[in-house]
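Just the one chain here, the form predicted alone, laid out as structure tokens.
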């Protein structure tokens, strides 16, 4: 059996009992380590699960899946995924590969940012399409995400923006020269994300992400304890102007608030606002939350 097991959002104890039983019964256990990160070390996982863990980077998961799936038709093999197994298309792909090889598969779900984002007070059924924001470079500034945000804005829906992480990435020079030298890990921060959003807005000029009248909520370490989890609300301009330390440790996510927002959502998120008066004023004037 090939198991794809969600680990949840925080630490080794977030795994479900069903997931833990599958891990303990597996002959090999892999940890997918590039679409997201857990808040603890590999060693803590191994100590808790009482199993050695093989770290599976992007190359292994995407191009060497046969190695992961080897003998999974004869014995139990587990792939651990931070959050929920179907939070990334990569995991769908490896399940399809297993099925094509006639390997029985089982998915064990867990919490992910896709549902834990409700911690900021916005109601999950008011969310539209989720988008990913990658690091811009001098020569590559993709803006296709803007069209998805625009569709959500027109429907009045909230947009969850997942921020880029770079783990075990090669520089263009090392990649071109075939050198297995990797860059230090990088995790996109809220100020960097907002800066890129506003750069795209300045380029597109469609009025979708106006800095002073677009409400947004930043989240980090969702699912951690009160000393880890951080939520900060404000206009895009206010979030841009906050020091990065305000947002806590990575991973960071951002929600662009939709115009169909309910006044109870605004009231709940107000506790996290940089400027509560500004938060309420924009909600009333631009988002028509007249019940505030």
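Positions refer to the first chain, counted from 1. Just so we're clear, the structure is a prediction, and the values are computed from it rather than from any experiment.
Separately, the form predicted together with another copy of the chain exists; it is not shown, and the next lines address it.
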**Prompt:** Would you say all of 141, 143 and 206 touch another copy of the chain in the predicted bound form, counting a heavy atom within 4.5 Å as a touch?
**Reply:** no
**Item:** The unique member of 95, 163, 103, 77 whose heavy atoms fall within 4.5 Å of another copy of the chain in the predicted bound form
**Value:** 95
**Request:** May I ask you to choose, among 194, 222, 216, 82, the residue with a heavy atom within 4.5 Å of another copy of the chain in the predicted bound form?
**Result:** 222
**Message:** How about residue 17 - does it come within 4.5 Å of another copy of the chain in the predicted bound form, if we only consider non-hydrogen atoms?
**Reply:** yes
**Prompt:** So in the predicted bound form, does any heavy atom of residue 186 sit within 4.5 Å of another copy of the chain?
**Reply:** no
**Asked** Wondering, does residue 275 line up within 4.5 Å of another copy of the chain in the predicted bound form on heavy atoms?
**Response** no
**Asked** Any chance residue 73 has a heavy atom within 4.5 Å of another copy of the chain in the predicted bound form?
**Response** no
**Complete:** Testing 153 to 161, 207 to 215, 133 to 141, 186 to 194 against another copy of the chain in the predicted bound form with a 4.5 Å heavy atom criterion leaves exactly one stretch, namely 153 to 161
**Prompt:** Can you name the residues of 261 to 281 that have a heavy atom within 4.5 Å of another copy of the chain in the predicted bound form?
**Reply:** 267, 268, 271, 272
